[in-house]
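Form predicted on its own, single chain, as C-alpha coordinates, below.
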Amino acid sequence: MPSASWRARLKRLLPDVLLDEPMSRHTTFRIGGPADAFVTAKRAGDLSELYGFARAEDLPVTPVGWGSNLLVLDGGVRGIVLALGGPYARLRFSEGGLVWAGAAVRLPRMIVACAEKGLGGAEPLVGVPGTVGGALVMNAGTRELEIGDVTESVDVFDPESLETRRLGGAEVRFAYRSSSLAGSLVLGGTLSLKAGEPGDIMERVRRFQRQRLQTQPVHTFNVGSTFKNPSGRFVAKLIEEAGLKGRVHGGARISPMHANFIENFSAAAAADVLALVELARSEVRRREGLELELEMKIIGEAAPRPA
(Lines give C-alpha, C1' and ligand atoms only; values in the text may rest on other atoms or scores of the structure.)
Protein backbone atom coordinates (compact mmCIF):
# COMPACT_ATOMS: atom_id res chain seq x y z
CA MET A 1 0.00 0.00 0.00
CA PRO A 2 1.27 3.53 -0.77
CA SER A 3 2.29 5.64 2.19
CA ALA A 4 0.29 8.73 3.12
CA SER A 5 3.07 11.10 2.07
CA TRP A 6 3.38 9.95 -1.55
CA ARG A 7 1.54 13.01 -2.82
CA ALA A 8 4.13 15.34 -1.33
CA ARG A 9 6.90 13.33 -3.00
CA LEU A 10 5.04 13.41 -6.31
CA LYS A 11 4.69 17.19 -5.99
CA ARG A 12 8.46 17.50 -5.66
CA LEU A 13 8.99 15.29 -8.70
CA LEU A 14 6.31 16.93 -10.89
CA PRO A 15 5.48 20.37 -9.46
CA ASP A 16 2.52 20.91 -11.80
CA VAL A 17 0.58 17.97 -10.36
CA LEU A 18 -2.95 18.85 -9.18
CA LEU A 19 -3.95 17.26 -5.87
CA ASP A 20 -7.56 16.38 -4.99
CA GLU A 21 -8.50 17.58 -8.46
CA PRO A 22 -12.26 17.40 -9.28
CA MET A 23 -12.64 15.16 -12.31
CA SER A 24 -15.76 17.12 -13.24
CA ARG A 25 -13.29 19.64 -14.70
CA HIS A 26 -11.89 16.99 -17.05
CA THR A 27 -14.95 15.28 -18.53
CA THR A 28 -17.53 16.49 -21.04
CA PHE A 29 -20.19 15.18 -18.62
CA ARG A 30 -18.95 17.71 -16.03
CA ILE A 31 -19.36 14.90 -13.50
CA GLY A 32 -16.86 13.17 -11.23
CA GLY A 33 -15.33 13.17 -7.76
CA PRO A 34 -11.70 14.12 -7.02
CA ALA A 35 -8.59 12.39 -8.30
CA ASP A 36 -5.95 11.94 -5.61
CA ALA A 37 -3.48 13.39 -8.11
CA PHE A 38 -3.92 14.65 -11.67
CA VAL A 39 -0.81 14.85 -13.85
CA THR A 40 -0.48 16.22 -17.38
CA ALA A 41 2.62 14.85 -19.11
CA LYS A 42 4.12 17.82 -20.96
CA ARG A 43 7.59 16.44 -21.69
CA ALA A 44 8.72 13.11 -23.13
CA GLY A 45 10.59 12.32 -19.90
CA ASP A 46 7.53 12.88 -17.71
CA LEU A 47 6.12 9.43 -18.47
CA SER A 48 9.23 7.53 -17.38
CA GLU A 49 9.45 9.59 -14.20
CA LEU A 50 5.76 9.20 -13.42
CA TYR A 51 5.54 5.46 -14.03
CA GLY A 52 8.81 4.82 -12.24
CA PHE A 53 7.44 6.74 -9.25
CA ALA A 54 4.09 4.93 -9.38
CA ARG A 55 5.82 1.55 -9.44
CA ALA A 56 7.99 2.45 -6.44
CA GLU A 57 4.98 3.72 -4.51
CA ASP A 58 2.63 0.90 -5.60
CA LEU A 59 0.17 3.40 -7.11
CA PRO A 60 -2.32 2.87 -9.93
CA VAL A 61 -2.09 5.20 -12.95
CA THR A 62 -5.30 5.85 -14.88
CA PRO A 63 -4.85 7.49 -18.31
CA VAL A 64 -7.63 9.74 -19.60
CA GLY A 65 -8.11 11.75 -22.76
CA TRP A 66 -10.54 14.60 -23.33
CA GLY A 67 -13.05 12.86 -21.06
CA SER A 68 -15.63 12.75 -23.84
CA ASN A 69 -16.46 9.07 -23.39
CA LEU A 70 -15.97 8.87 -19.65
CA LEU A 71 -18.15 8.73 -16.55
CA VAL A 72 -16.15 9.28 -13.36
CA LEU A 73 -17.93 8.04 -10.25
CA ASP A 74 -18.80 10.39 -7.41
CA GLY A 75 -16.18 9.04 -5.00
CA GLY A 76 -13.37 10.01 -7.37
CA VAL A 77 -10.26 8.15 -8.51
CA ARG A 78 -7.54 6.77 -6.26
CA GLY A 79 -3.91 7.09 -7.23
CA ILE A 80 -2.78 9.11 -10.25
CA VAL A 81 -4.87 10.21 -13.19
CA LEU A 82 -2.73 10.91 -16.26
CA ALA A 83 -3.47 13.19 -19.20
CA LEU A 84 -1.16 13.90 -22.12
CA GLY A 85 -0.08 17.29 -23.44
CA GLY A 86 3.03 18.88 -24.92
CA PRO A 87 4.50 16.67 -27.66
CA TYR A 88 1.41 14.47 -27.56
CA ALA A 89 -0.86 17.35 -28.60
CA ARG A 90 0.82 17.94 -31.98
CA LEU A 91 0.39 16.95 -35.62
CA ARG A 92 3.20 16.08 -38.04
CA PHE A 93 2.63 15.78 -41.77
CA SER A 94 4.84 13.79 -44.11
CA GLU A 95 4.86 12.74 -47.76
CA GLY A 96 2.48 10.15 -49.11
CA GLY A 97 -0.59 11.42 -47.26
CA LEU A 98 0.67 10.38 -43.83
CA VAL A 99 -0.08 12.38 -40.69
CA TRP A 100 1.16 11.56 -37.20
CA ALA A 101 -1.35 12.73 -34.61
CA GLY A 102 -0.49 12.86 -30.92
CA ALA A 103 -2.87 11.08 -28.57
CA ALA A 104 -4.00 14.39 -27.01
CA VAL A 105 -5.05 15.93 -30.34
CA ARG A 106 -8.84 16.28 -30.57
CA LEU A 107 -10.28 14.58 -33.63
CA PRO A 108 -12.21 17.61 -34.95
CA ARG A 109 -9.02 19.70 -34.86
CA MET A 110 -7.08 16.98 -36.67
CA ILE A 111 -9.69 16.57 -39.42
CA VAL A 112 -9.84 20.32 -40.09
CA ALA A 113 -6.03 20.62 -40.10
CA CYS A 114 -5.80 17.73 -42.56
CA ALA A 115 -8.45 19.29 -44.81
CA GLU A 116 -6.47 22.55 -44.88
CA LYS A 117 -3.44 20.51 -46.03
CA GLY A 118 -5.49 18.85 -48.76
CA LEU A 119 -5.69 15.48 -47.00
CA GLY A 120 -9.05 13.71 -46.93
CA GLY A 121 -10.54 10.32 -46.26
CA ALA A 122 -11.27 10.77 -42.56
CA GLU A 123 -13.94 13.50 -42.73
CA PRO A 124 -16.68 11.47 -40.94
CA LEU A 125 -14.53 11.49 -37.80
CA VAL A 126 -15.00 15.25 -37.40
CA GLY A 127 -18.17 14.48 -35.47
CA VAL A 128 -16.30 12.45 -32.84
CA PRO A 129 -15.46 14.83 -29.95
CA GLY A 130 -12.68 12.83 -28.31
CA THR A 131 -8.92 12.65 -28.71
CA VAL A 132 -6.88 10.57 -31.13
CA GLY A 133 -5.62 8.35 -28.31
CA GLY A 134 -9.07 7.52 -27.01
CA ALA A 135 -10.36 7.07 -30.54
CA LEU A 136 -7.65 4.53 -31.34
CA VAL A 137 -8.26 2.55 -28.15
CA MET A 138 -12.01 2.29 -28.77
CA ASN A 139 -11.86 2.38 -32.60
CA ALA A 140 -14.14 5.38 -32.58
CA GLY A 141 -16.11 6.24 -35.66
CA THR A 142 -19.45 6.65 -37.35
CA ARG A 143 -21.56 4.60 -39.75
CA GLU A 144 -19.30 5.82 -42.57
CA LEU A 145 -15.82 5.28 -41.08
CA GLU A 146 -13.87 4.03 -38.07
CA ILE A 147 -10.42 5.35 -37.22
CA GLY A 148 -8.94 1.87 -37.56
CA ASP A 149 -9.80 2.00 -41.27
CA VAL A 150 -7.15 4.68 -41.85
CA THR A 151 -4.54 3.76 -39.21
CA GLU A 152 -1.04 2.97 -40.46
CA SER A 153 0.68 2.55 -37.07
CA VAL A 154 0.24 3.28 -33.35
CA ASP A 155 2.82 4.40 -30.77
CA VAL A 156 2.38 3.03 -27.26
CA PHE A 157 4.26 3.46 -23.98
CA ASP A 158 5.18 0.36 -22.00
CA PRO A 159 4.98 1.08 -18.24
CA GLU A 160 7.14 -1.97 -17.48
CA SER A 161 10.14 -1.20 -19.69
CA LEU A 162 9.43 2.58 -19.64
CA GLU A 163 9.97 2.55 -23.40
CA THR A 164 7.93 3.52 -26.45
CA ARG A 165 7.22 1.07 -29.24
CA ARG A 166 5.51 1.37 -32.59
CA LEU A 167 2.86 -1.14 -33.65
CA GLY A 168 2.05 -1.58 -37.32
CA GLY A 169 -1.61 -1.30 -38.23
CA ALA A 170 -1.74 -5.04 -38.89
CA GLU A 171 -0.57 -5.69 -35.30
CA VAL A 172 -3.61 -3.93 -33.86
CA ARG A 173 -6.96 -5.71 -33.87
CA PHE A 174 -9.73 -3.19 -34.51
CA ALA A 175 -13.37 -4.15 -33.96
CA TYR A 176 -16.65 -2.31 -33.42
CA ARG A 177 -15.92 0.28 -30.71
CA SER A 178 -13.00 -1.73 -29.38
CA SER A 179 -9.40 -2.67 -30.16
CA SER A 180 -6.50 -4.70 -28.83
CA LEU A 181 -5.07 -1.39 -27.55
CA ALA A 182 -7.38 -1.48 -24.53
CA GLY A 183 -5.26 -1.07 -21.41
CA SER A 184 -2.35 0.44 -23.35
CA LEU A 185 -1.07 3.98 -23.03
CA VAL A 186 -1.38 5.25 -26.60
CA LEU A 187 0.92 8.19 -27.41
CA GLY A 188 -0.18 8.78 -30.98
CA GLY A 189 -0.85 7.21 -34.33
CA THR A 190 0.01 7.59 -38.00
CA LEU A 191 -2.97 7.82 -40.33
CA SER A 192 -2.92 7.25 -44.08
CA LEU A 193 -5.06 9.80 -45.93
CA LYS A 194 -5.71 10.79 -49.55
CA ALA A 195 -4.63 13.95 -51.33
CA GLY A 196 -7.42 16.14 -52.64
CA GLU A 197 -8.63 19.68 -53.17
CA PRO A 198 -8.75 21.46 -49.75
CA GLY A 199 -12.02 23.22 -50.60
CA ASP A 200 -13.77 19.98 -51.53
CA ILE A 201 -12.51 18.21 -48.42
CA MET A 202 -13.58 21.10 -46.18
CA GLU A 203 -17.06 21.06 -47.70
CA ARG A 204 -17.39 17.38 -46.79
CA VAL A 205 -16.18 18.24 -43.28
CA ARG A 206 -18.86 20.92 -42.97
CA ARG A 207 -21.52 18.52 -44.19
CA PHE A 208 -20.68 16.03 -41.45
CA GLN A 209 -20.58 18.86 -38.89
CA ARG A 210 -24.06 20.03 -39.95
CA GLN A 211 -25.38 16.49 -39.77
CA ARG A 212 -24.13 16.10 -36.21
CA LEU A 213 -25.64 19.44 -35.15
CA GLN A 214 -29.01 18.36 -36.53
CA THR A 215 -29.10 14.92 -34.91
CA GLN A 216 -27.11 15.05 -31.66
CA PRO A 217 -27.28 17.25 -28.52
CA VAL A 218 -23.81 18.72 -29.02
CA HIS A 219 -24.43 21.75 -26.81
CA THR A 220 -25.27 19.82 -23.64
CA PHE A 221 -23.01 18.07 -21.11
CA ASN A 222 -22.85 14.45 -22.29
CA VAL A 223 -20.37 11.78 -23.39
CA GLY A 224 -21.83 10.93 -26.78
CA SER A 225 -23.32 7.48 -27.25
CA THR A 226 -24.04 5.72 -23.97
CA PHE A 227 -24.50 2.23 -25.41
CA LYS A 228 -23.10 0.29 -28.35
CA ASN A 229 -25.58 -0.60 -31.07
CA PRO A 230 -26.53 -4.30 -31.03
CA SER A 231 -25.98 -6.04 -34.34
CA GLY A 232 -28.52 -4.78 -36.86
CA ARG A 233 -30.33 -2.54 -34.37
CA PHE A 234 -30.09 1.07 -33.20
CA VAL A 235 -30.06 1.67 -29.45
CA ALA A 236 -31.65 5.11 -29.74
CA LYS A 237 -34.70 3.59 -31.42
CA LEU A 238 -34.93 0.79 -28.84
CA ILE A 239 -34.82 3.25 -25.94
CA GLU A 240 -37.31 5.58 -27.61
CA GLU A 241 -39.72 2.71 -28.29
CA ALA A 242 -39.50 1.84 -24.59
CA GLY A 243 -40.90 5.31 -23.85
CA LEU A 244 -37.75 6.55 -22.12
CA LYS A 245 -36.79 9.51 -24.32
CA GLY A 246 -36.58 12.56 -22.05
CA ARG A 247 -36.77 10.48 -18.83
CA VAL A 248 -35.21 12.31 -15.86
CA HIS A 249 -33.43 11.04 -12.77
CA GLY A 250 -32.01 13.70 -10.45
CA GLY A 251 -29.97 16.06 -12.60
CA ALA A 252 -29.58 13.63 -15.52
CA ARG A 253 -31.92 12.84 -18.38
CA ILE A 254 -32.12 10.69 -21.48
CA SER A 255 -31.76 13.28 -24.22
CA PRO A 256 -35.03 14.47 -25.79
CA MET A 257 -33.05 14.84 -29.04
CA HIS A 258 -31.23 11.48 -29.21
CA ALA A 259 -32.18 8.64 -26.87
CA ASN A 260 -28.69 7.08 -26.81
CA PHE A 261 -27.33 10.22 -25.14
CA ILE A 262 -27.63 10.91 -21.42
CA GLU A 263 -27.29 14.57 -20.46
CA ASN A 264 -26.16 16.30 -17.30
CA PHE A 265 -28.72 19.11 -17.40
CA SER A 266 -28.87 20.11 -13.74
CA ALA A 267 -25.78 19.33 -11.64
CA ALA A 268 -26.17 15.57 -12.07
CA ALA A 269 -24.21 13.05 -10.04
CA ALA A 270 -22.75 9.90 -11.54
CA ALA A 271 -25.35 7.96 -9.57
CA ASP A 272 -28.09 9.75 -11.54
CA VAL A 273 -26.53 8.69 -14.83
CA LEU A 274 -26.15 5.09 -13.65
CA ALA A 275 -29.81 4.99 -12.62
CA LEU A 276 -30.83 5.92 -16.18
CA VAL A 277 -28.36 3.39 -17.61
CA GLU A 278 -29.94 0.63 -15.56
CA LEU A 279 -33.47 1.79 -16.45
CA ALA A 280 -32.70 1.69 -20.18
CA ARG A 281 -31.02 -1.69 -19.86
CA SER A 282 -33.88 -3.24 -17.90
CA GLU A 283 -36.61 -1.92 -20.20
CA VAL A 284 -34.86 -2.98 -23.41
CA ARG A 285 -34.13 -6.37 -21.85
CA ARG A 286 -37.78 -6.78 -20.86
CA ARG A 287 -39.15 -5.69 -24.24
CA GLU A 288 -36.56 -7.08 -26.65
CA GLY A 289 -34.54 -9.69 -24.77
CA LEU A 290 -31.38 -7.73 -25.61
CA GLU A 291 -28.51 -6.89 -23.26
CA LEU A 292 -27.25 -3.37 -23.92
CA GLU A 293 -23.47 -2.97 -23.73
CA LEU A 294 -21.96 0.31 -22.57
CA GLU A 295 -19.92 2.36 -25.01
CA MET A 296 -18.93 4.96 -22.41
CA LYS A 297 -16.23 3.98 -19.95
CA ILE A 298 -16.63 4.16 -16.16
CA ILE A 299 -13.79 4.75 -13.71
CA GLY A 300 -13.47 5.63 -10.03
CA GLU A 301 -15.29 4.71 -6.85
CA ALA A 302 -18.86 5.29 -5.78
CA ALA A 303 -19.39 7.93 -3.12
CA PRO A 304 -19.53 6.50 0.41
CA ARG A 305 -23.04 6.10 1.74
CA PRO A 306 -24.10 8.47 4.51
CA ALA A 307 -23.80 6.95 7.97
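From a predicted model like this one, the values you see are computed outputs, not experimental measurements. In case it trips you up, residue 1 is the first one in the sequence shown, and so on.
We do not show the form predicted together with a small molecule, though everything after this point is about it.
### Query
For the chain seen here without its partner, which of 163 to 171, 194 to 202, 217 to 225, 115 to 123 has a heavy atom within 4.5 Å of the small molecule in the predicted bound form?
Of the options, only 217 to 225 has residues within 4.5 Å of the partner.
### Query
What is the one choice in 268, 70, 50, 274 with a heavy atom within 4.5 Å of the small molecule in the predicted bound form?
Filtering the options by heavy-atom distance leaves 70.
### Query
Here the chain is shown alone; which of 184, 179, 229, 151 has a heavy atom within 4.5 Å of the small molecule in the predicted bound form?
Answer to the contact question: 184.
### Query
So, in the predicted bound form, is residue 97 in contact with the small molecule at a 4.5 angstroms heavy atom limit?
Outside the cut-off, so no.
### Query
Is residue 101 close enough to touch the small molecule in the predicted bound form, meaning at least one heavy atom pair within 4.5 Å?
Close contact is absent here: in the predicted bound form, residue 101 is far from the small molecule, nothing within 4.5 Å, heavy atoms only.
### Query
Is there any non-hydrogen atom of residue 141 lying within 4.5 Å of the small molecule in the predicted bound form?
Because a heavy atom of residue 141 falls inside 4.5 Å of the small molecule in the predicted bound form, the answer is yes.
### Non-hydrogen atom contact residue 295 with the small molecule in the predicted bound form at 4.5 angstroms
Residue 295: contacts the small molecule in the predicted bound form.
### Query
Taking 65, 129 and 133 as a possible spot, do all three reach the small molecule in the predicted bound form with a heavy atom inside 4.5 Å?
All of them do, each having a heavy atom within 4.5 Å of the partner.
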